[in-house]
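So this first bit is one chain, no partners, the form predicted on its own, shown in structure tokens.
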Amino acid sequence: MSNQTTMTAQPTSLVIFGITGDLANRKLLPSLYNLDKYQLLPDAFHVIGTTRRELTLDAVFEKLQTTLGENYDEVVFARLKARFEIVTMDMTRDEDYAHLREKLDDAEDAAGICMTRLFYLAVPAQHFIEVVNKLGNSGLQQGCRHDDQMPSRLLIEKPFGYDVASSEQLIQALEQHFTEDQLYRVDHYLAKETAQNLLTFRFRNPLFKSAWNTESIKSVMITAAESIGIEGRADFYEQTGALRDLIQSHLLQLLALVAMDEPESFTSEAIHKQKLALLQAIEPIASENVDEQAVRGQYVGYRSEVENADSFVETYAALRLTINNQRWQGVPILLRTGKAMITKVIEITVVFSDESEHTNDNALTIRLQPNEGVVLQMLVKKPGLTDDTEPVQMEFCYDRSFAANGQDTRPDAYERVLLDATRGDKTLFATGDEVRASWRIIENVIQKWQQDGQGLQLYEKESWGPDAADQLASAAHVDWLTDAMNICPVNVALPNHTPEEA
């Protein structure tokens, strides 16, 4: 999907703000272990983990050992540990940033080479602007002291704000100290292997490339369902909700890949240009149309979990969108996400036009998780003396095509995030303009839903969400198809690799 083959990992100093946090423990440290195991890290690679309290390196790696389980390589483990140091740091103190600079200088002096500096903000979003300002005011955005041509890079996790105004405030703070080239806004959905395959599938297979338009496609649906609830994240979820948590970021980014025009090349710049054009072509949901184009739900029991009997925060959200360009004019676009649903699934379904308005016999499903693969459903004549037809499936499954013969090397999404940051490849990261465009699409929905709980529907756990979501789809002559498609049902275990989580 990108021009990664021409890029190599550069000598790097990685600073992880929040080394004791959930993101670092569950994702970043195991991903660094795997990258070291696969020998994808550069020889000159140093990691500084920051924490507000006294913490030993041994304590950090004891947690990592627990996360990895029994199946880990002691040599790789020791090699990665030798790359690390822990720095006690108060993110609010200027002098602590000066101390951090000294540590980075020392690492480069020891390596005898300038190193690209990556700052990963694995901390709560309310600290983003303060840390960014402190990094900028201390000059750490300038990079290696021996080479002004090696500016630092900043990796920042969603949420990129909570609405248009707050996202703009964050963007302005970032741009005050860092150029857009230095900013890597992480969206790990884009780093999933099947998401990376979207552009290859669309533009390098003539059969689908020629049919990817309003003449041939009846509807597009994107689903991100989670079987778990909020899992103890009450404070976060009460401030965020499903619409902000997944649709504004992950699902709109996936939609951009699904619906964008073909880029002039597969470079990061060309791909982002077309993604932005697509997002800007999506018609924002007008205030007066929120009830017609948006559905929100809350699973039964959520209010007890968050200890707020009056909460009207949505754990389910669905939208019907319109793309105002020639390729997609008149094609309904449906997005949905929910917690505590009947199953965990992330997938994109494209329904092709046929003679009947109400059938979905010709459909293409791209499954990102679980059972990754691509399934095409089409009509065939049933064996026999009649002309009766029946829908059948043709499928490509990663596990069957690659794992069985040892060719499956799918990395965890965060392995790809970290590796691309060391390469300087921004293809799988969101740009500031893309973030602006995404918030613009849903801003009126956010504002209306914040006022009160009018229209909020309760739904049972282990279901497909509120009935209103089915009505939303029916109004566009569309049916949600997730539970109707049988996607790559047989999994082959991947040797020595932890399955990726969303």
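Everything numeric in this text was worked out from a predicted model, so none of it was measured. Just count from 1 along the sequence shown to find any residue number.
One more form of this protein, predicted in complex with 6-O-phosphono-beta-D-glucopyranose (BG6), exists but is not displayed; see below.
Heavy atom contact within 4.5 Å of 6-O-phosphono-beta-D-glucopyranose (BG6) in the model of the complex, the stretch among 99-107, 377-385, 230-238, 174-182: Answer to the contact question: 230-238.
Looking at 146, 79, 344, 93 here, can you tell me which has any non-hydrogen atom within 4.5 angstroms of 6-O-phosphono-beta-D-glucopyranose (BG6) in the model of the complex? Selected residue: 344.
Single option in 246, 282, 220, 122 placed near 6-O-phosphono-beta-D-glucopyranose (BG6) in the model of the complex, where near means a heavy atom within 4.5 Å: By the 4.5 Å heavy-atom cutoff, the listed residue in contact is 246.
Is residue 371 part of the interface with 6-O-phosphono-beta-D-glucopyranose (BG6) in the model of the complex - any heavy atom within 4.5 Å? Result no; residue 371 lies far from 6-O-phosphono-beta-D-glucopyranose (BG6) in the model of the complex.
Residue 302 versus 6-O-phosphono-beta-D-glucopyranose (BG6), in the model of the complex: is there a non-hydrogen atom within 4.5 Å? Flag for residue 302 set to no.
Heavy atom of residue 250 within 4.5 Å of 6-O-phosphono-beta-D-glucopyranose (BG6) in the model of the complex: Answer yes; at least one heavy atom of residue 250 falls within 4.5 Å of 6-O-phosphono-beta-D-glucopyranose (BG6) in the model of the complex.
Taking the shortest heavy atom distance, is residue 226 within 4.5 Å of 6-O-phosphono-beta-D-glucopyranose (BG6) in the model of the complex? Residue 226 belongs to the contact set for 6-O-phosphono-beta-D-glucopyranose (BG6).
Contact set, 183-199 vs 6-O-phosphono-beta-D-glucopyranose (BG6) in the model of the complex - heavy atom within 4.5 angstroms: The stretch touches the partner through 188, 189, 192.
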